[in-house]
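A lone chain, given as structure tokens: the form predicted on its own.
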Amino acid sequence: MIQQKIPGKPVTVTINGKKYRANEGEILLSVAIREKIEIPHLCFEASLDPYGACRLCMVEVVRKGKREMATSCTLRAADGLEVLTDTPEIEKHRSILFELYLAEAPKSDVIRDMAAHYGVTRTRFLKRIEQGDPLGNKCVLCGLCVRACSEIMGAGAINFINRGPYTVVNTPYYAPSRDCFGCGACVRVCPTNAIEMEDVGADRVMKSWSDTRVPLSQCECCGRYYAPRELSASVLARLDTPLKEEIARLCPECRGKQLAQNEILAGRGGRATHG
């Protein structure tokens, strides 16, 4: 998981001939995003250390009149750093990558729209379409879901399976996982919307992960199922100020109403009752 760093000293970087302020050591892609400079990317997630998997965020770094390509998500800001984001070489590299992704994830609207934005609407490569693919032929193997599950949640419920062109992401042996929290972190970080989950009755079903079923907590006030049971208990146990048991058994909405009611009654000198 990405470590919190003390901001470095202010520096000046040059992007496409224009100077911008940044903090020394700051990720260049973050600077570009902040300054609304368009650089396509798939595998960058602010809560994880960057590792340049998708290669779409390549830029050209200018040093002493020479240029070399680098991923902007792993490039750190330094005083005098100069980069170019739309040179002919970068555009050619980008177009080839989009063709590869159109073949790798032919059913992904995200990839299709992103590629079209950069002028790529067809691919010369053989499209990889698998019937019954749990990820709907939308996965580009960026690894964000695997990393979020392992590095952020500490669950390790999913991982890469097989090697080379047969590599996929799923649970070990495609079996329902006992380690999955049902947190949905994988769904939220997936850049191509490849992962599906659905709350069905008293369970959260991780449809993409071998239909793993995770029991949900039920609110004792409104009766709604609202969050994975084990995960909720774990979060509540870590609170600096523990919630009263009758409050802890409520969904966030009912909990908020109950706490507000308690505050109002306390202010009036009365006593709150559950309900």
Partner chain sequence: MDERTLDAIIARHDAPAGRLLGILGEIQNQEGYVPRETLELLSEKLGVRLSQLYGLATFYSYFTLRPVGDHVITVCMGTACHVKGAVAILEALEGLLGIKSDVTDDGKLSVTTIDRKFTVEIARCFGACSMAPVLRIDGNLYGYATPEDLPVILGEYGWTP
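Residue numbers count along the first chain shown, from 1. Everything numeric in this text was worked out from a predicted model, so none of it was measured.
The discussion below concerns the form predicted in complex with the partner chain, not included here.
* To do: Pick the stretch from 92-100, 78-86, 113-121, 169-177 whose residues have a heavy atom within 4.5 Å of the partner chain in the model of the complex.
  => Every other range fails; the passing one is 169-177.
* Asked: Even though the partner chain is not shown here, does A155 get within 4.5 Å of it in the model of the complex, heavy atoms only?
  -> Yes, A155 sits close enough to the partner chain in the model of the complex that at least one of its heavy atoms falls within 4.5 Å.
* Given that the partner is absent here, does F160 sit within 4.5 Å of the partner chain in the model of the complex, heavy atoms only? -> F160: yes, in contact with the partner chain in the model of the complex.
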